[in-house]
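The chain below stands alone and is given in structure tokens; this is the form predicted alone.
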């Protein structure tokens, strides 16, 4: 009798343990939880922005995921996407709003509209706080600011005045850097927001129209496009700046392009910098003394945006701005094309939510 009871008890324990083990490892974060998001701007004043989702290698793509999940269009002129924990924040500039959705399902949680005036880019700075660059009136040099968002309540709780035309942001452990491209005018500044003091502490003068930034080994790299040929102030050359974060933000090196050269889309993968110039991609070592003389890749089309991540360079092409664009993935080790897929109308910002 004791043997039978002992066997029954052992079987019950094993079954119970197996059941508990399955419960703890089974998770479903949603079909969009891990992958690459493409923000399709849509045409100005047409309200036809959209969001696409693809895997790391761009082997498949799904378009209009926000509309499919919520039954509504995203809005007018979607600019960028950012993340805080398991929430996606889609900045829709023309609609003066941010759509907050569950990153795995794209089900909308809330729409932030109050406190936003021409919002551009979103960056999480702490567990429950994010900042959004806002132009205000693009023609007014005095009303630009960072909107402070409480990501628990998803409300704008304040604003921080900044210089004209704040755009993209990048951060390291202690600082957030804000590039001021100049909105409808022009600027040549990078603001330094101290994440401990919670305030702007420095302004770094760089080249005209800083358009993209990356950080590597306590150096901030800033790519400036320069003034275009149609500028009222006259054409100026593009420049690349290497700034020492640990040495009071001094400029450690400057790389000058020709006057008619206007580079854009600086990105980084490992020790390699990538940028676009005249629809050619250039690769540069972070310890290089000069700009590369020859291109790394010549595109079959144009680049509307470019981002590197974990061995892959992603490039979007808006084609003619009237039809659906595309996104392509290239191996950063050898410039080989991995895949190209059709995205939405005017595919711009690329966001990564990868575990």
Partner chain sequence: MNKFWIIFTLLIISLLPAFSQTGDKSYYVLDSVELTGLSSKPLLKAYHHFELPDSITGNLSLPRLLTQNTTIFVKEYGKAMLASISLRGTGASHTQIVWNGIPVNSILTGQTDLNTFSPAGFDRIILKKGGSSVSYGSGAIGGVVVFEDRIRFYKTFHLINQTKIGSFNTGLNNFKIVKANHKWYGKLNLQWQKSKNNYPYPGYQVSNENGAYQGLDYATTIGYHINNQHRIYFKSKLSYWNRETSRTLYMPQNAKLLTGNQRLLTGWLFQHRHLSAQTDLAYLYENFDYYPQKNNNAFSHSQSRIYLIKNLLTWSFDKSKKIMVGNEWQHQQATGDHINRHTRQNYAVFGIWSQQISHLTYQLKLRQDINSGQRLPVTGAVAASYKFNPHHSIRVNVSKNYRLPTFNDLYWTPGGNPDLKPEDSYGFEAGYDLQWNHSQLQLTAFYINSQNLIKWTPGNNGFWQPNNIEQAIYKGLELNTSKSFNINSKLNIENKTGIAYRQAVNLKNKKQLPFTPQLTGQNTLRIMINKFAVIYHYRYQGKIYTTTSNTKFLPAYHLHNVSLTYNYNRHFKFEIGINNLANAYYENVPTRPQPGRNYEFLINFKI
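Positions refer to the first chain, counted from 1. Since we're looking at a predicted model, the values are computed, not measured.
Form predicted in complex with the partner chain: not shown, discussed below.
- Contact check for residue 322: a heavy atom falls within 4.5 Å of the partner chain in the model of the complex.
- Heavy atoms of residue 102 never reach within 4.5 Å of the partner chain in the model of the complex, leaving it off the interface.
- Although the partner is absent here, residue 82 is not a contact residue: none of its heavy atoms lies within 4.5 angstroms of the partner chain in the model of the complex.
- In the model of the complex, no heavy atom of residue 133 sits within 4.5 Å of the partner chain.
- Contact with the partner chain, judged by heavy atoms within 4.5 Å in the model of the complex, is confined among 106-114, 249-257, 229-237, 162-170 to 229-237.
- Screening 211, 187, 95, 283 for any heavy atom within 4.5 Å of the partner chain in the model of the complex leaves a single hit, 95.
- Taking a 4.5 Å heavy atom cutoff to the partner chain in the model of the complex, the contact residue among 264, 87, 120, 272 is 264.
- Along 41-74, a non-hydrogen atom within 4.5 Å of the partner chain in the model of the complex is carried by 43, 44, 45, 46, 47, 48, 64, 73, in order along the sequence.
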